[in-house]
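Only one chain is shown below, in structure tokens, and it's the form predicted alone.
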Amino acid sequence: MPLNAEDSETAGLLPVVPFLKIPDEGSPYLEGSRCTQCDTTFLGERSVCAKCGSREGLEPLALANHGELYVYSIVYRSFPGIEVPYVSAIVDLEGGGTVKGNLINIDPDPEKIKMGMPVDVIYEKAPRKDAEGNEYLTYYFQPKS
């Protein structure tokens, strides 16, 4: 079930990656950087624009929670303890930003997964704790409902 920062379920959770933000108020989001010189959007914090080379004018922004499936791979072999098969995906978000993650809530069947299909970004508590017992908030993609 998707989580909001207002939910007590997000209290104490750590972001699984630095570009996943959990604000005190409002919903979790993926953060990107937009170049004010060429209007290109990137995932995460940037100090230099990879498109135009500008070192000025990169500003943070919340990325969209909707996009299109760019490419995917069905993974059948993984580390011990990781359930397979699962769908590893790259998604182009509306408004800019490209993100890698897992596509869930769909059978890992090439007949059911289509390039360009609309997807949503959802946020959930990660299924495992780390060695110190910390719990994390993670993100997934799912077919647009």
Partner chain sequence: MSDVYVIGIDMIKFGRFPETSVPKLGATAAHLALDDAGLTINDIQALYSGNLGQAGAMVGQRILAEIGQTGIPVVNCANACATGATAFREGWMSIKAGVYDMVLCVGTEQMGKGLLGGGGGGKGIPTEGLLGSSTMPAIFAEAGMEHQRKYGTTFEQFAKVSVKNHHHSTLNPKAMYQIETPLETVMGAEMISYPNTKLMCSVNVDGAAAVVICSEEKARQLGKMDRAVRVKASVLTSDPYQERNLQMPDVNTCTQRAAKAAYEMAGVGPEDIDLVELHDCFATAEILHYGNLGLGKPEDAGRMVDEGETALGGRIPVNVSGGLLSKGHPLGATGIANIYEVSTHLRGEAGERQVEGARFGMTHVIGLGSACAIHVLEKVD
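Predicted model, so just to flag it, every value in this text is computed and none were measured. Residue numbers count along the first chain shown, from 1.
One more form of this protein exists, namely the form predicted together with the partner chain; it is left out here, but the text below deals with it.
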query = Is every one of E25, R55 and A64 in contact with the partner chain in the predicted complex, taking contact as a heavy atom within 4.5 Å?
reply = no
| query | Even though the partner chain is not shown here, does F42 get within 4.5 Å of it in the predicted complex, heavy atoms only? | reply | yes
Quick one: does I90 come within 4.5 Å of the partner chain in the predicted complex, counting heavy atoms only?
-> yes
Notebook entry, point to check: Within a 4.5 Å heavy atom cut-off, is P127 in contact with the partner chain in the predicted complex?
Noted result: yes
According to a 4.5 angstroms non-hydrogen atom cut-off, is C35 in contact with the partner chain in the predicted complex?
no
Looking in the predicted complex, the residues of 105-119 with a heavy atom no more than 4.5 Å from the partner chain, listed in order, are P110, M115, G116
